[in-house]
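One chain comes next, on its own, written as structure tokens: the form predicted on its own.
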């Protein structure tokens, strides 16, 4: 199975290569000014490099765990990989909006959404596992998030008593990728990938039918390379719903030919991050509205 999964990437024009992900932090301006935190971290002998195309992201190098220093525990920054931060900036939540984060725990993107909204407006955060809500609530409190309401909900079975949202983020449960899991190839098989794709479609069906209107901006993301959970899923949404894809100007254009199957050309408006090309973890971002 390991060889089969690797062969799939070769058929898509990419290779499986080792990628050493840098430690990336996001300055949390809900708790501290960016310049003040940078000064504190540099005083602590932490090497920082500002990352382009992101508002508050820095690559950080230190001889100790950044998750154990006072600045982290005080919520002055969040440890959050570059591609993950890009997804929320693509969503672009505003301070006067009503935003839904469908699969919110442990809260990295939720806290970033609230930061971009300057703790104004309302963020509704769903997760379907009670144990994961503990980490979500902890991170919201640590990062001084004051505009979020947390609910134990499975979006596929949730009735909508909230009304329609301005923005919706679906950071979908997915198969993951080999960059962040050394045993990924041993643990992953096509049955699991197909089950995840089925689950993701159900999530998106609920989002489109119950929580969105024609003005709602929806961002769908995964941290996997598998087309079944990315382009092929978006193709199914195009086939089953009247959606309009919006251009995502990061990474590489998404695939429009998957293992010989021609897809809607508009899917190229979505974005992929390939580990061998972009030196990040695998990531996929689609942005669209329902017509």
Partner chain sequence: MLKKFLKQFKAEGLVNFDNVLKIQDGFFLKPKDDDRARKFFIKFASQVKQSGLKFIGISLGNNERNIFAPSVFLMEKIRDAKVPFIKISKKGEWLFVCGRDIQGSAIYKSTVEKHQIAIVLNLKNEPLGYGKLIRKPSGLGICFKRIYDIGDYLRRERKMN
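Residue numbers count along the first chain shown, from 1. Treat the numbers as computed from the prediction; the structure is a model and nothing was measured.
Beyond what is shown, the protein has a form predicted together with the partner chain; the following relates to that form.
- Shown alone here, residue 120 lies within 4.5 Å of the partner chain in the predicted bound form, counting heavy atoms only.
- Mapping the unseen interface onto this chain, residue 145 counts among the residues with a heavy atom inside 4.5 Å of the partner chain in the predicted bound form.
- Residue 131 belongs to the set of residues with a heavy atom inside 4.5 Å of the partner chain in the predicted bound form.
- In the predicted bound form, residue 141 approaches the partner chain with a heavy atom inside 4.5 Å.
- Segments offered: 182 to 190, 206 to 214, 160 to 168, 83 to 91. Contacting the partner chain in the predicted bound form at heavy atom distances within 4.5 Å is 160 to 168.
- Contact with the partner chain in the predicted bound form, judged by any heavy atom within 4.5 Å, is made by just one of 40, 236, 59, 244: 40.
- For the partner-free chain shown, 96, 97, 98, 120, 121, 122, 124 of 88 to 126 come within 4.5 angstroms of the partner chain in the predicted bound form, judged by any non-hydrogen atom.
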